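Given as structure tokens, the chain that follows is alone and in the form predicted on its own.
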């Protein structure tokens, strides 16, 4: 469970950011149009195993009683995350859709968002008006972020089991997402991680953007997360929140297993579009 110091640090960052928009957002307000008529689309990204699906389940449990919600999950070859959420009973099963990307997770949330947009818009048409649609990325690395064409706001999830130095490693998700979550803080004593130090490192890397130390078993941090979403929804509805791009992914190479007889390696160069 998060210690008192890390909770206080998280709460201070959340309050400061939610009550006062950064200057870069203020500069863009002149370009805002009228109040949005559709749901807030909140992206949830982060590496494999950091607890993204658990965060979605937690948000549904906390908010479904007051907000009309739906969920879109992403997996490469399966609908595992969608089945997890359906079995948890956090929303009516028909409001949880799965996108099987068939490719690197970042492809469907940044490079070509059409499959996810179709799923979101289908949910909004079938069950609208909705207040909030959560879009979970498949597990990727520290550079994966959502295109603003898909997500109005995004949170990025890391966890203590990944090591206390993760926040210092940077990447667009850590440095630029609307909210950074340091998850599974109840495990910190077992993996010898100092949560307060991890929050401090993350806060320094994010230059004032909010950081939340979270455990699904800690009611205080869960309440802070729910409040952050409520306030983001208020800003979305009022037209004062401007979706921002945390930054394009750096050029990188990695292997893919396809239906071919062998793996192959190819390069992706992302231009931030």
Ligand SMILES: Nc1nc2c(ncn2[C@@H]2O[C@H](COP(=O)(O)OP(=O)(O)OP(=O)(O)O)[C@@H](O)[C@H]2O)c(=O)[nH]1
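Positions refer to the first chain, counted from 1. Here the structure is a predicted model, which is why all the values come from computation and not from measurement.
Keep in mind that the form predicted in complex with the named molecule is not shown, yet the notes after this line are about it.
Only one of 208, 49, 239, 247 comes within 4.5 Å of the named molecule in the model of the complex through a heavy atom, and that residue is 49. Taken together, 54, 183 and 186 are fully in contact with the named molecule in the model of the complex: each brings a heavy atom within 4.5 Å. Taking the partner from the other structure, the named molecule in the model of the complex has no heavy atom within 4.5 Å of any heavy atom of residue 37. Interface residue remark: residue 171 is not counted as part of the site for the named molecule in the model of the complex, having no heavy atom within 4.5 Å.
Interface residue remark: residue 139 is counted as part of the site for the named molecule in the model of the complex, having a heavy atom within 4.5 Å. Remark: of stretches 59 to 67, 224 to 232, 40 to 48, 239 to 247, the one touching the named molecule in the model of the complex is 40 to 48 (heavy atom within 4.5 Å).
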